[in-house]
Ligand code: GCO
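First comes one chain, alone, set out as structure tokens in the form predicted alone.
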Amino acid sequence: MSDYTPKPENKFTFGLWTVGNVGRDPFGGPVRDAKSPAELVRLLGEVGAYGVNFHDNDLIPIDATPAERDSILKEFKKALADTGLVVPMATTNLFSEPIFKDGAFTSNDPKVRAYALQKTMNSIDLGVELGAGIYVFWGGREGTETDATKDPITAIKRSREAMNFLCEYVKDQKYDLKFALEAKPNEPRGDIYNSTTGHMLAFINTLDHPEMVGVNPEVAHEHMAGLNFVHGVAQAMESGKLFHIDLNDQAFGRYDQDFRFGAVNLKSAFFLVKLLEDNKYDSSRHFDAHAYRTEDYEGVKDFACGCMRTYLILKEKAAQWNADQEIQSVLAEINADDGSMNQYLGKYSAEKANALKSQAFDRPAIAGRGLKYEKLDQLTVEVLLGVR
């Protein structure tokens, strides 16, 4: 049996809010005692994680005194040094506090928008201090329950203004930092702006510094929208915009479940891992998920180990799929090309277009060809089931 022990080169990371989740939900209170950030770092060190990420207030409570802040940071930095964990990513909580009940950057109140910028700049400073190279933005309250309350075009402009401001701040401070935007269709708002990865990619192209901004797609969020997550990640990757990724799992049509990676849609998880590994994705593999409410902290460790172990198993399965002679033979047949169409395909020219317009195609013969997709999918299932 292969060794599925996580290694630093796997770049597996967890947020303080993931392993630190105390099991509270809308119908019940906590089932686990809260642990300090330093304690959570040590827990992650025990399970072999590479890094830890945080929202500003996961680490420093919003009303902490300067002395409390210094004490927390000292303990946190010591835990990082003791375990060897790093901080690849940081983000700002712009959704929990009552002041953000109607959004942060898209709020109708200019005082809220200004405070959101202030809070984010301070949080960026903290993230950079601790080594973060990626800064994620999730606009959990940037939306509406009724479109009577906000003009959506104004909201887009406010979002752009905020991102342009913060990009300039990073450049002014000479920070080596990139932004990654995270989409979600709904929850906690009825509808959230820039609701999918595709929306975010289009929005980025309108910014003053699009080269600084990419995306942080999340499995559960795209599945909430009923979309194929692998396709969204592929679009981001092909665009050079996959700066970070949130791995978890989610049943289609449900609320944001944040299950352990691979816990629900195993075939989708397989093709995601295959996409990342085949294309040599080199940023963090961040698990934005949490343990079931049924678990104690030993169960939280089981959850964290399970996320990493499943990824490594699927990575091995992807290599097996790529090396399987029968699978590769089917793929070669599917993609067979005798070169006869080369004169028509590729970059446009007037000569090529005129020649193509006169080409005769035997539609019944072409349409009558079986593609062996059933066989290919079954072979994939058999790889995953361990019978090949």
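Don't overthink the numbering: it's just position in the shown sequence, from 1. None of the values given here were measured: they were computed from a predicted structure.
Another form, the form predicted in complex with the ligand, is not on view; read the next lines as being about it.
Listed residues Phe270, Phe259, Trp138, Phe243 were compared with the ligand in the predicted bound form; Trp138 is the one with a heavy atom within 4.5 Å. Checked against the ligand in the predicted bound form, the candidates Thr91, Thr106, Ser284, Asn194 yield a single residue with a heavy atom inside 4.5 Å, and that residue is Thr91. Of the heavy atoms in Lys315, none are within 4.5 Å of the ligand in the predicted bound form. Proximity of Asp288 to the ligand in the predicted bound form falls within the 4.5 Å heavy atom cutoff. For the chain shown alone, Glu218 is a contact residue for the ligand in the predicted bound form, at least one non-hydrogen atom being within 4.5 angstroms. Proximity of Phe95 to the ligand in the predicted bound form: non-hydrogen atoms within 4.5 Å are present. In summary, the region of this chain contacting the ligand in the predicted bound form, judged by heavy atoms within 4.5 Å and restricted to 227-235, 114-122, 180-188, 205-213, corresponds to 180-188. Residues of 47-82 placing a heavy atom within 4.5 Å of the ligand in the predicted bound form: His55 alone.
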